[in-house]
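First comes one chain, alone, set out as structure tokens in the form predicted on its own.
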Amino acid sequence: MNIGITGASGLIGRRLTDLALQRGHEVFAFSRTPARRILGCTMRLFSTDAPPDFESCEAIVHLAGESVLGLWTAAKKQRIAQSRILGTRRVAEAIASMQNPPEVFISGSAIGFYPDSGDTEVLESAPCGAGFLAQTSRLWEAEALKAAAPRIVLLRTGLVLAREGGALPLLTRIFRLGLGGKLGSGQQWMAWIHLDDLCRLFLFCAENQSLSGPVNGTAPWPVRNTDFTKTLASKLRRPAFLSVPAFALRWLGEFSHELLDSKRVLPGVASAQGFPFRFPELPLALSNLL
């Protein structure tokens, strides 16, 4: 299969590209800097200024977007929203102009789509939340659903655990200094996924013709923040007696809600379709990554 991947130079895109090539797929890697080569790929430009060239792509995975990590200033929020909404609009426009549209369009999304759910298990049928990331995700997905592709998958990703980037390397440095601890009460549920499982799930969605609509990209065993803290500390053999009070996280602006809200998100569709998670539980995932 010829697979076009936007955001191919990012954390998820790089690993997805590697796995796709290993599986024998041909990859068209879309990047804002296509002059920076990715070994084994055909490089093409991705920009929000004009629709990208997806000709010859039988599947498209759209990952490009501003990172949500960090202080949510007004400018940061604008970049988060525009990169996702406008970028996905450009992808849909490009698909509409193709003589031979791709068989499947997989648009990255986020479990930030869902509201704070307490202890309630959250499946793909759950409603959208009211916060900034939830509404951004709603608009982001709405643009994806405009694409003229026979199959459209909205892959809502949880906290991605990876050795090379994302939140885990930062947390690891903090914990190694003995400064690790729970966030707020620590009772909020965290839905996470190992990077390799996530990328395998993207390919599973591309190759499985019965899959369409929302798919939660999370491991089957979410954990409370306090258990995440204890498990990470144990793997690093470091204490984690500290705690960060909720009020101290408010300086992050609305991003603090993504740290303190409880989202017990389960991969209902993936599990029902028989997707084989290699790292279903947190201790196993951390042992592999640390």
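The numbering used is simple: start at 1 and walk along the sequence shown. As the structure is a prediction and not an experimental result, all values here were calculated from the model.
Absent from the display: the form predicted in complex with a small molecule. The rest refers to it.
Of the candidate stretches 250-258, 25-33, 50-58, 232-240, only 25-33 has residues with heavy atoms within 4.5 Å of the small molecule in the predicted bound form. A residue is said to contact a partner when one of its heavy atoms sits within 4.5 Å of a partner heavy atom; residue 181 fails this definition for the small molecule in the predicted bound form, lying far away. Residue contact with the small molecule in the predicted bound form: residue 7 places a heavy atom within 4.5 Å of it. The small molecule is not drawn, but in the predicted bound form it has a heavy atom within 4.5 Å of residue 157. The small molecule is not shown here, and in the predicted bound form it never comes within 4.5 Å of any heavy atom of residue 267. Contact with the small molecule in the predicted bound form holds for none of 120, 189 and 219, as no heavy atom of theirs lies within 4.5 Å. A heavy atom within 4.5 Å of the small molecule in the predicted bound form is found for one listed residue only; from 211, 85, 94, 110, this is 110.
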